[in-house]
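Here you get one chain, nothing else, as structure tokens; it is the form predicted alone.
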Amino acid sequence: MDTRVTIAGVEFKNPVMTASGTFGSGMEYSDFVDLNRLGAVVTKGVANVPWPGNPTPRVTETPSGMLNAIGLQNPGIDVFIERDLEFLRNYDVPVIVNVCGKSVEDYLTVVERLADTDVSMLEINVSCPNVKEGAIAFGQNKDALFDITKRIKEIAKQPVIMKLSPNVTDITEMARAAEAAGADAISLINTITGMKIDIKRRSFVLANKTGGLSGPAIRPVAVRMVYQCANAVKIPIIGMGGIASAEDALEFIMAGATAVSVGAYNFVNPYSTVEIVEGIEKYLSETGTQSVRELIGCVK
């Protein structure tokens, strides 16, 4: 029984990762989760300078999900390298750093700073719906996505994953643009833009008015988009969006994802990532499947 997968030359002991923004850099969860059991730790978004994020309130529950408008709050690349990467060196787990910015130059600065670190891959966040400058603008325009991907690839020392937004007319168009520009992999989906109104106060629940919808409510949309992209590009895909169990993760893999990321469900069950790893191992054993790689894109 073999749970290993490989993306852009990087081998992962299993296909289960953490979704950026839901797991910090693992410090908050290390009392609950043996990070060594994970396929990879994907960090929260990191910018060239500290970002305060959006005003509060910025999180609210919805049926089968949640809305967030955190706005990529983060301490900046200096603190991240000194604190977070130093912590992660204690574990035998690949580290994927999620990179965010408000301009192409912001992204390039962070990519350059990470060039000489032992980070395994970079996930470029061009799809956050809660940042007014940059981010989502790159993720909703195929030409802008092509340009930023190409420029990052020209200087990056690590393989590059472009994180795609579902808030577009045709997700395959964006996937093809990222592939054409040299992306080593793509990850999807980021959150779907949503809104909640407090009818008693007759006002928006979130200070940002809109937020990113995540959780089981978006999973069918995410599975569909992963399937579409898997049939549109040849580069590997990391699937995410409402994964709460091994069965959910296997859906994404069978739709064409090489690996998966667990996000909002970490807030419900901090043990969920390892439980999903164990569930995949059980499925392989019970079905006599020799390798999880046999399942990637098996549903046509």
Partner chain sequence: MDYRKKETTVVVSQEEISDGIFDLRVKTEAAGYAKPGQFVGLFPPSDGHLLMRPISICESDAESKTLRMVYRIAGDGTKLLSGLKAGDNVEMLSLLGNGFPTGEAVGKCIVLMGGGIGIPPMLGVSKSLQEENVHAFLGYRNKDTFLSEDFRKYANVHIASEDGSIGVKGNVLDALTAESEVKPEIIMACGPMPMLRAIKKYAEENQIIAYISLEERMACGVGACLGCVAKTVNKDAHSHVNNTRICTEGPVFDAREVEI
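Numbering follows the first chain given and starts at 1. The model shown is predicted, which means the values in this text are computed figures rather than measured ones.
Missing here is the form predicted in complex with the partner chain; even so, the following discussion is about that form.
Heavy atoms within 4.5 Å of the partner chain in the predicted complex are found in one stretch of 35-43, 260-268, 246-254, 228-236, which is 260-268. Although the partner is absent here, R89 sits far enough away that none of its heavy atoms falls within 4.5 Å of the partner chain in the predicted complex.
Using a 4.5 Å cutoff between non-hydrogen atoms, R83 counts as a contact of the partner chain in the predicted complex.
Among residues of the shown chain, N74 is one whose heavy atoms approach the partner chain to within 4.5 Å in the predicted complex. Although the partner is absent from this view, A144 stays clear of the partner chain in the predicted complex, with no non-hydrogen atom inside 4.5 angstroms. Of the residues given (A180, V79, A115, I197), V79 alone sits with a heavy atom within 4.5 Å of the partner chain in the predicted complex. Taken together, F138, P159 and P166 are entirely out of contact with the partner chain in the predicted complex: none brings a heavy atom within 4.5 Å.
Contacts between 35-51 and the partner chain, taken as any heavy atom within 4.5 Å in the predicted complex, involve K44, P50, W51.
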